[in-house]
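A single chain comes next, written as structure tokens; it is the form predicted alone.
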């Protein structure tokens, strides 16, 4: 897939701006999910993921073709999410509920084995609780936890996305898990 993306980047650099649309199609869902997990709000996630693609397009000439494009794009999206988190007012809290769906959230869209309605509700409530607790993590732990456990990036990729040494990434993941464990202990 990286070769496909790199070939499209070369086309964009040669002036074929439509080739970037194909790159967006490859990564749009993953970038949206990353933003949603970090921000906890569908509308903000949409805005931030679109902004990430715009920034990538505008700065495509700065991309080092010898590196992974996905890591570069994740870094852009993560930084934009962190910027949004920093700009939020402290008393403004967003929940993960999708407006107009009577209490459903994006977890209800995830395919899984058949469960009873009670099990589905219990699972959804647990996921909402975990998402809320992730949103309560300090941003340095939140970004590491989301990239590791939600986006399933390797430690090296997380290190590149966050521009931190691998040791620091490991520490942040460990400390973030400890904070989550303490917050979720009573469940």
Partner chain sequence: MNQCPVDIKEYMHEYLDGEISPEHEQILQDHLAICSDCKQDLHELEKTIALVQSMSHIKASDDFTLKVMQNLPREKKRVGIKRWFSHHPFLTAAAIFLILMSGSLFSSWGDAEQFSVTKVPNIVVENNTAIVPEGETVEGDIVVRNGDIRIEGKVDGNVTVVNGDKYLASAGEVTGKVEEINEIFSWLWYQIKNGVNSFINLLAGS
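Remember, it's a predicted structure, so these values are computed and weren't measured experimentally. Positions refer to the first chain, counted from 1.
The same protein also exists as the form predicted together with its partner chain; that form is not shown, yet it is the one meant from here on.
Trainee: Do residue 136 and its partner chain come within 4.5 Å of each other in the model of the complex, heavy atoms counted?
Mentor: No, residue 136 stays farther than 4.5 Å from its partner chain in the model of the complex.
Trainee: I'd like to check something about residue 164: if you look in the model of the complex, is any of its heavy atoms closer than or equal to 4.5 Å to a heavy atom of its partner chain?
Mentor: Taking the distances in the model of the complex, the answer for residue 164 is no, it never comes within 4.5 Å of its partner chain.
Trainee: Is there a heavy atom of residue 130 no more than 4.5 Å from a heavy atom of its partner chain in the model of the complex?
Mentor: Contact with its partner chain, yes.
Trainee: Is residue 187 near its partner chain? Define near as a heavy atom within 4.5 Å, in the model of the complex.
Mentor: Contact with its partner chain, yes.
Trainee: Output the sequence-ordered list of residues from 34 to 55 with at least one heavy atom within 4.5 Å of its partner chain in the model of the complex.
Mentor: Read in sequence order, the residues that approach its partner chain (within 4.5 Å, in the model of the complex) are 36, 37, 46, 49, 50, 53, 54.
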